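Next up: a single chain in structure tokens, the form predicted on its own.
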């Protein structure tokens, strides 16, 4: 295969909402370029990009799949991404290596919630973007409404390059950059290239002039030419549009039918001639603050994705950020310091791979069997350390407790989940000491279904998923005083320790307790949040100072498993003001036990209160579905903080108890027909309602009795 330089490499990410036609468009472009003899289809389960078994089973993209084509002396690397926001991690990683983003919009629906989610990523990285309104030949297609929805999303910088037209039953596309009309035959084949009809010329000229002005705005030289000539020629317009895209100030809008191969060739020509190439983008800044030059040496790679394949093992996908990469090159991992040898270089084509000897800067490739390298790693020439800024992945939105159906498979399950996390950082699993559960976190119920499919079909292990326990907190609302004597005699040395304590609710900045002779204070920031403040108020040597740490240790042990529900306790201060000891039988264990029992008794007498975690929730949905979403939130004990419009959608912000968020992803998808989305982040702890607290305490007592 020909080796291309960075001026002739176009890295294009295909993004868009579910069912917008990205995979079909990729298939059509490969067919148009002559790389395929016959186009596959999603329904027939034979497309190049959706090749995983689960993608064929579900009839939608789940993984970002790299493809490539060659068109008029350019290499176009295409990455076809999923459209469902449960798989947003695949889109986030693709954004880091794409030079241009091609946003596909369904002409029936226009910009959807999924489009908006993806746009937020595009906008964050200011990626050059082309919008493609697809399926223009569908009976329910509405090009103008779709275009308006794009303008609502990105502003007036969205500018039409084309618009659709039907003449005598034939689908046509008017191109106002080339000022030509393309007429497509129902039988397929190449379109006729015609003059724009008389009844469309005025509209086309008006749109052409708008495009000329927009192109001229982005370059002083072009602006002078425009003032001098009153127009720009096609090459000058291309230059202006290219610069506008690089400045994130022009978003060209095309129209097409990927299914019936209408407009794909023209779109590919635009990608070649106008869309930014790898050499056009700004040079990247490393974490060390240095500019990563594209010069011949040293070589730097950024790993944007890994995939564990049953037959090939681990596949590592990368972009060459500087220098030239040749087969057999040794590079150092900046995170681990280990040296990796890239014995084989590939261009991936779905499940197939083509071996190459060399890849230039700006190109995207893959290699096999790297031992120490994971997603987000940087590989560099030895002696030229550089670390490329990592991809920031979205936080998980749902959590489940996970365990193997059969105890013997527990280790196998966690090894499989480790591998899944290595290729998909948007899911994670960790053991919660507090909840005594392994917690799997991911993006939504669909994401969980895919993880479960992988566990069963790729790793041969079955798992159970349950509602995870909620990390409540226990605290007190008033003071209480108590004493406890621990005495044990069983022949020989016994155990004896007696303590008198007072406990109070702790608040930041409160004064020292009154009525006590404070001889020392220890303030402990608890690992689970909040504080324990321990006061030594012993006078007259009633308890030897060497036993005080044991008393505090006993208090901390109770706080690790609170008296109400076994949850962590927090924000308490303890005054140890009296006690007794025995010259022979007193020891650390005696005072630890006495301290624990005294604290537990005082805690239960101090009007204990259970605190629950509260989430900040932000929900976006079409306006007509707002009532159903609000009703559902009220049933979840939500406190609505605000409502506002955002484009074609409404946004609700609310505070919701974490205990009520279980299966919210599924409920919202059902209520909004998949058009709603949400984010949820921890806010604070708040007291639970009295009836909820009573139920939780009752449940805890039942669990203890059962054990």
Ligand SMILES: Nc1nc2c(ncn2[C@@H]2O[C@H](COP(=O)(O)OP(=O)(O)O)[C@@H](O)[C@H]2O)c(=O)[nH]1
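Numbering follows the first chain given and starts at 1. If you're wondering where the values come from, they're calculated on a predicted model, not measured in any experiment.
The form predicted together with this ligand is left out here; the points below concern that form.
When contacts are defined as a non-hydrogen atom within 4.5 Å, none of 9, 284 and 361 contacts this ligand in the predicted bound form. The chain is drawn here without this ligand; in the predicted bound form, the stretch among 250-258, 522-530, 193-201, 226-234 whose residues come within 4.5 Å of it by any heavy atom is 250-258. For the candidate set 135, 162, 93, 367, a heavy atom within 4.5 Å of this ligand in the predicted bound form is found for exactly one residue, namely 135.
Comment: this ligand is not present in this chain, but in the predicted bound form one of 42, 652, 638, 661 has a heavy atom within 4.5 Å of it, namely 42. In the predicted bound form, this ligand lies within 4.5 Å of some heavy atom of residue 17. Under a 4.5 angstroms non-hydrogen atom cutoff, this ligand in the predicted bound form lacks residue 69 among its neighbouring residues. Interface membership of residue 61, defined by any non-hydrogen atom within 4.5 Å of this ligand in the predicted bound form, is confirmed. Shown without its partner, the chain has 24 as the single residue in segment 24-41 with a non-hydrogen atom within 4.5 angstroms of this ligand in the predicted bound form.
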